[in-house]
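Below sits a lone chain in C-alpha cells, taken as the form predicted on its own.
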C-alpha cells in the first residue's frame, strides 16, 4: 500500500507543472511547431547546418588549408583544391559537407583560422533521398576574397572564378538529376561568374 501512495504522490508532483500551465496559459514555453514557423526564433547557439561566411562582395576567405577536414572526427568534410589555381598558391574548388554523417561537434568552426565556417540554425533538412544530404558549400571555385579584390577590374575578377552550386561536383549526386528537385539546385549560382 505504501508503494501505491508513493507512486501517486510522484504522479501529482509530475503533473504540477502541467496544471500550472493549464491555469496560466500565457506562461507556456512549448513551441507550437510547425504552426509558428513564420515567427519561430531559435537560439544563436543552435547547430543545425554548416555554412560559409561570405563578405559583402560574395567572396569567402577559405584558403583550402584542410585544417577543418583533418579536425572532423568522422570525415564529414572533404576539401578539394582547384586543379589549376588562377592567381593563388591554393584555391578552393569544392567544399563537400555530409550532413548525413555530421555530429555537429563544431570542431570545424572552432579550428578554422579564417572564420570561414559557421553553424546556422536552419534545422529543416528532411529529404526523401539521402544523397541530397551531401552539399557543396562554396558558391565558386577560386581564390579568397582578399586576393580577388586585388584585381581592380570586376570583369577580369569574374574570369578568375568558376560558379558552383549546392550539388555540383563530386558529391553523392555526381551530376544526376532527381525527380522533384528543382533544376536550379544543379546549375551554378550564376552564369556570369559572380556568386550570389
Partner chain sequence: MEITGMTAATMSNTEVPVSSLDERIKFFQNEPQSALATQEYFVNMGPQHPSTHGVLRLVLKMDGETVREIIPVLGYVHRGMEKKAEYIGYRQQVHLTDRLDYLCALMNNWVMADAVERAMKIELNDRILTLRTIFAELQRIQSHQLWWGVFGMDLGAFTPFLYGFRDREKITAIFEDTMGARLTMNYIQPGGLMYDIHPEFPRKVKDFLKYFKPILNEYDELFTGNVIVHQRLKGIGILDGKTAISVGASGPVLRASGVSYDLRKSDPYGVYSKTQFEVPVGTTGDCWDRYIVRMQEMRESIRIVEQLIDNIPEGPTMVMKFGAKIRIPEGIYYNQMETARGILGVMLVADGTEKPYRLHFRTPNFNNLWSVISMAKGLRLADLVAILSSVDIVVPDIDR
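So that the term is clear: the rigid core is the largest set of C-alpha atoms that superpose within 1.5 Å between two forms. Remember, it's a predicted structure, so these values are computed and weren't measured experimentally. Positions refer to the first chain, counted from 1.
We do not show the form predicted in complex with its partner chain, though everything after this point is about it.
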TODO: Decide whether residue 113 counts as a contact residue for its partner chain in the model of the complex under a heavy atom distance cut-off of 4.5 Å.
DONE: no
Task: Contact of residue 154 with its partner chain in the model of the complex (heavy atom, 4.5 Å) - done: no
TODO: May I ask you to check whether residue 127 falls inside a 4.5 Å heavy atom distance of its partner chain in the model of the complex?
DONE: no
Task: in the model of the complex, residue 38 touching its partner chain (heavy atom, 4.5 Å) - done: no
Task: Those residues of 14 to 43 which, in the model of the complex, come within 4.5 Å of its partner chain by heavy atom - done: 14, 16, 17, 18, 21, 29, 42, 43
Open item on the list: After superposing the rigid core, is the C-alpha displacement of residue 46 2 Å or more between the shown form and the other one?
Closed with: no
